[in-house]
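Presented below, as C-alpha cells, is a lone chain in the form predicted alone.
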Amino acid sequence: MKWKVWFGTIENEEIEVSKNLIESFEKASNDEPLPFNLFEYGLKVFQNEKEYYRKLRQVAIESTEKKVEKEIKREDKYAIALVKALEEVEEAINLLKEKLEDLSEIKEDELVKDFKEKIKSLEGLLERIEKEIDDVMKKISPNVTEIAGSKIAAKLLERAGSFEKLISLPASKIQIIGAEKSLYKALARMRRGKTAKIPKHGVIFIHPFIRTLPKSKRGKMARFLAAKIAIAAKIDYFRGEVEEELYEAVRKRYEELRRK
C-alpha cells in the first residue's frame, strides 16, 4: 500500500520524496492510520531532528499563507461586487425619488404608493448590502476598515481592482482614488498653460475627519489619512493583525488640525 505523507509517499518501506512539499503536505491523508513511525522515515530524508521540524514548520506556514491568500482573493472579489451593487441600488433609489417627487406634485394615487413601497424595499436592500460590506471588510482588511470605515475601504478596493493592486499603490495615489477624472482634466488644462485646481482627495473625502475640517486643512488631513491607509493595507494583506495605534494616530492628527 502506498502511504501519503507530508514529504511524499512511502510504499514497501521505499520513500519517494515529493518535488512539491506544499502539495504533498496538503494531500497527506490516508484512509487508515500509518502503520509506522513517520518521524523515523522523516529522518532518512532530512538527516536530523532539527532539520525535520524546521522543514515541516516552513511547509506548514507556506501552506497556510497560500490558503489565506486564496481566501483573500475570493473575498476581495466579493467586496468589489458588493460595492458595485451598492452604487447601482443607490442610483436606483435616487432616480425613483426624483420620479416620485414629480408624480406627487401632480397627483396622489396608487402608482405613487407603489413608488414609495419600491423605494422602501430598495432602502432595506441597501442596508443589507452595507451590512455585508462591513462584515467582509472587517474580515479581510480590519486596519483599513478601522481607520477609514468599511464603505471607504471597500470603495478604495473596488477602484484599485484587487487587494494586491491596492497594497502596491503609493499614499499619493490612494489619496486621489475616485478623483482621477478631475485630476486628468486639471493636468490637461495645465499643459495648455491654463490655471487648474489639482484635487486633494477622492473617495476618502467622505471620511468625517476630512469633510468636517475647514477647506484649508482638508488636504493635510487627506495626505495623512492616505499614508496611514497605505500602511494599514499592507499590514492587513501580509499579517492581518489589528494595529490600534494606526487609528489613534489618525484621530490625534485630526484633533491637532481641528484645534489650529
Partner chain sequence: MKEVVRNVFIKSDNTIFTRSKYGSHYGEKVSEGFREWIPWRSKLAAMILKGYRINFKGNEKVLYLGAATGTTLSHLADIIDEGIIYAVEYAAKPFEKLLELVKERKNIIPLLADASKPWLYSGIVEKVDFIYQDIAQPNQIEILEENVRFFLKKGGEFLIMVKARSIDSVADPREVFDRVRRSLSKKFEVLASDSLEPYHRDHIFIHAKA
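Numbering follows the first chain given and starts at 1. Bear in mind that the values here come from a model prediction, so they are computed numbers and not experimental data. What we label the rigid core is the largest C-alpha set whose atoms superpose within 1.5 Å from one form to the other.
The next section is about a form of this same protein that is not shown, the form predicted together with the partner chain.
TODO: May I ask you to check whether E241 falls inside a 4.5 Å heavy atom distance of the partner chain in the model of the complex?
DONE: Taking the distances in the model of the complex, the answer for E241 is yes, it comes within 4.5 Å of the partner chain.
Open item on the list: My question is simply whether Y254 lines the interface with the partner chain in the model of the complex - judged by any non-hydrogen atom within 4.5 Å.
Closed with: Because no heavy atom of Y254 falls inside 4.5 Å of the partner chain in the model of the complex, the answer is no.
Open item on the list: Just checking whether K67 would be counted as a contact of the partner chain in the model of the complex - the rule being heavy atoms within 4.5 angstroms.
Closed with: Heavy-atom contact with the partner chain at 4.5 Å: present for K67.
- [ ] With heavy atoms only and a cut-off of 4.5 Å, decide whether E130 touches the partner chain in the model of the complex.
- [x] No - in the model of the complex, heavy atoms of E130 and the partner chain never come within 4.5 Å of each other.
Task: Within 4.5 Å of the partner chain in the model of the complex, all of F39, K139 and E248 (non-hydrogen atom) - done: Yes: F39, K139 and E248 each sit within 4.5 Å of the partner chain in the model of the complex.
Open item on the list: Between I198, I61, I206, V45, only one gets a heavy atom within 4.5 angstroms of the partner chain in the model of the complex; which residue is that?
Closed with: Of the listed residues, the single hit is I61.
Open item on the list: At 4.5 Å between heavy atoms, only one of the stretches 223-231, 26-34, 210-218, 187-195 reaches the partner chain in the model of the complex; which one is it?
Closed with: Correct option: 26-34.
Task: Residues in 74-88 with any heavy atom within 4.5 Å of the partner chain in the model of the complex - done: Counting only heavy atoms within 4.5 Å of the partner chain in the model of the complex, the single contacting residue of 74-88 is E75.
Open item on the list: Tell me whether S29 is among the residues that move between this form and the one not shown (Cα shift of 2 angstroms or more, core superposed).
Closed with: Yes, the C-alpha moves 2 Å or more.
TODO: Compare the position of the CA of W6 between this form and the one not shown after a rigid core fit and state whether the shift reaches 2 Å.
DONE: For W6, whose C-alpha is compared between this form and the one not shown after core superposition, the shift is 2 Å or more.
TODO: Verify the C-alpha shift of K55 between this form and the one not shown: is it 2 Å or more after superposing the core?
DONE: Yes, the C-alpha position differs by at least 2 Å between this form and the one not shown.
TODO: Answer with closer or farther for the CA-CA spacing of E26 and K139 in the model of the complex compared to the shown form; it moves by 3 Å or more.
DONE: E26 and K139 sit closer together in the model of the complex.
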